[in-house]
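In structure tokens, one chain follows: the form predicted on its own.
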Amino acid sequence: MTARLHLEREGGIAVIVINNPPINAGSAAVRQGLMASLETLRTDDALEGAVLMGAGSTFIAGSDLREFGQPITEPQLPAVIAAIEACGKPVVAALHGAALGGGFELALGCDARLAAPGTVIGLPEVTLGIIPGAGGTQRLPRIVGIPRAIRMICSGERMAAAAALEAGLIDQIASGNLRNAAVAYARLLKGSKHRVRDRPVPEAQTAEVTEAANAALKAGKRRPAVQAAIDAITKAAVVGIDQGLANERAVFQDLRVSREAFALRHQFFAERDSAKYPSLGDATPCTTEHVAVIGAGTMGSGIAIAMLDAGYCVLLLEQDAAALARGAERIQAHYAARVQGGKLKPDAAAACEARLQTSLDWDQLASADLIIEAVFEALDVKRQVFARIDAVARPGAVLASNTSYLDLDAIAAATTRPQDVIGLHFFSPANVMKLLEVVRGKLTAPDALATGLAVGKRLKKLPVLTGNAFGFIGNRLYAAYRSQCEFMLDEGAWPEQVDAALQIFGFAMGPFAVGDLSGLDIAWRMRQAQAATRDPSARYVHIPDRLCEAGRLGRKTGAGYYSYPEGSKGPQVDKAVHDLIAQCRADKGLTPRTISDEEIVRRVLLAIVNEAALLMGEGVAERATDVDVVLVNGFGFPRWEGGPVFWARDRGAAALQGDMAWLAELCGPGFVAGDLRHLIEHEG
């Protein structure tokens, strides 16, 4: 056998153990080993069946994605599955940990599937811009039917063992020793084959199939892989299994080398590397079980919920009894809604709430391992809070600020232990958004940063390390994005045109609708804070200031870039805003011009890319790919575009340099060009 796989014998049963850490990815070496083992099973008369299982903590948690963009290496997975089906002896898949993608397709090719409690199964290929390519679209509907197969495959759903048993996707949950149970099951099947390929596709009502397909297309934003998966699944009942498998494989091969698939794999690897920072050396995270959150507003309550969900004991601290009561009620309402919606069991919700303590007593902070400040975004307020924290927190506790753009070093200077101070910038809503910026101050110790990253991982977030600079990575990039869009308002575009063009590109929302949602006064305060240090020769757009001065602060005031009349379903284009913009143009002596949607998107991407290069040059971002993680997971950049760094690399250095010269001319005085080599030249 190969180094990635070995065959052991238990009587007449071959136990084929896949050992390709860390996730037993289905690589070429694994497939070669499987083919050799199956040939042994086929030709050795002493063997009457086999068990496939994974070494370590998982079965096969997916294919080796690095192979997907490379030339084909034989044998391919469909050939391995065909060998299982043709060998004449039963093969049982023993699943534990995760059986995902090609791993679950391999299991579907076996005669039976047993799973340990806690196992998850699924076919997540569509989330990577491809479709299952080894029979998933053909064998799955033969078990669960076409509508459910559409829902599972198009969403990339991960199903727990109990639900998989109920759906017929596994045959047994092994409560004891999985290997022993699988061997015994293989012996029961002696002399028989139970191939999924031989089952008919259950009949389904046309209306049900149509409903499932339409829902999947809507949820999947009509991306090509979603439509291709639906086509392959629905044809399973029309064409024979062999033709269906051939069609599926052809589509898979086309999609795996598409730009979208490359972009999604790029984002996958960028997210996988999140929280891995060689610059921290062998720094060890501090033990963290008790977390204190200061501030019971919307952000503080959201952070508390995120911590409770992750199993931490949480102290929610306020200085105002009414504010504390509102925060506690907000948390209770959250869990009540989760239970009512069937998303959380009552006992799990009760356990979370039982770990919450609320208090007005600052001395209670003495027992916390991690203290997170989530108060008003003003430097003097945060410094006062940290001075109070410093007086009562135990030695070695990690002290974190949730600031979104303030100087962390100035905050840390209010304490006698700046080495213990980090930034933990949560994105709103804190219990939902996956992105977490972990901010390094000038004196922050590596173990404090390692603690922040470890907490982020436990929260199931994507923690990204950032240096201490105004706006850190995310808000600095977003400010450049928003400024470019404001430039285009000055030049002749309207808010609704900019928003629509960027939504068509794939952003979840346009920048002006986002500004109205979050409140235009937030950015207004930032501009006011920067006014004294702003380059007087740099281009400045007064339109957002004029809106704020007119009391148009966004949705909360019923008017911003758009109006929000009572009973309206969303933003309404407002002539008053057009008039205000036109007046601002006239005040500057600007003649508006027609700006195309293509120019809007191109300028936004170039502005973000340039700012990313500046961040890399300043050492604020440690890896260029971190920019893509931040933009996709914190600011609605379309995942299937990979991120602005992927876009820049795909465009190429020569074209990008020309683009930047064009952008610099449009932006005028104050434009600072970043060194694009920081982005184009890959890390490592």
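Not measured: the values here are computed from a predicted model. A residue's number is simply how far along the shown sequence it sits, counting from 1.
There is another form of this protein, the form predicted together with a small molecule, and it is not shown here; the text below is about that form.
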Checking a candidate spot here: are Gln319, Lys382 and Ser404 all in contact with the small molecule in the predicted complex (at least one heavy atom each within 4.5 Å)?
yes
Within 4.5 Å of the small molecule in the predicted complex, heavy atom basis, the matching stretch of 447-455, 478-486, 76-84, 292-300 is 292-300
Would Asp273 show up as a contact with the small molecule in the predicted complex if we use heavy atoms at 4.5 Å?
no
Looking in the predicted complex, any heavy atom of Phe269 within 4.5 Å of the small molecule?
no
Heavy atom to heavy atom, is Tyr335 within 4.5 Å of the small molecule in the predicted complex?
no
Indicate whether the small molecule has at least one heavy atom within 4.5 Å of a heavy atom of Ala613 in the predicted complex.
no
Can you work out which of Asp254, Glu377, Glu157, Asp545 has a heavy atom no more than 4.5 Å from the small molecule in the predicted complex?
Glu377
Please identify the residue among Phe507, Tyr185, Phe426, Tyr562 with any heavy atom within 4.5 Å of the small molecule in the predicted complex.
Phe426
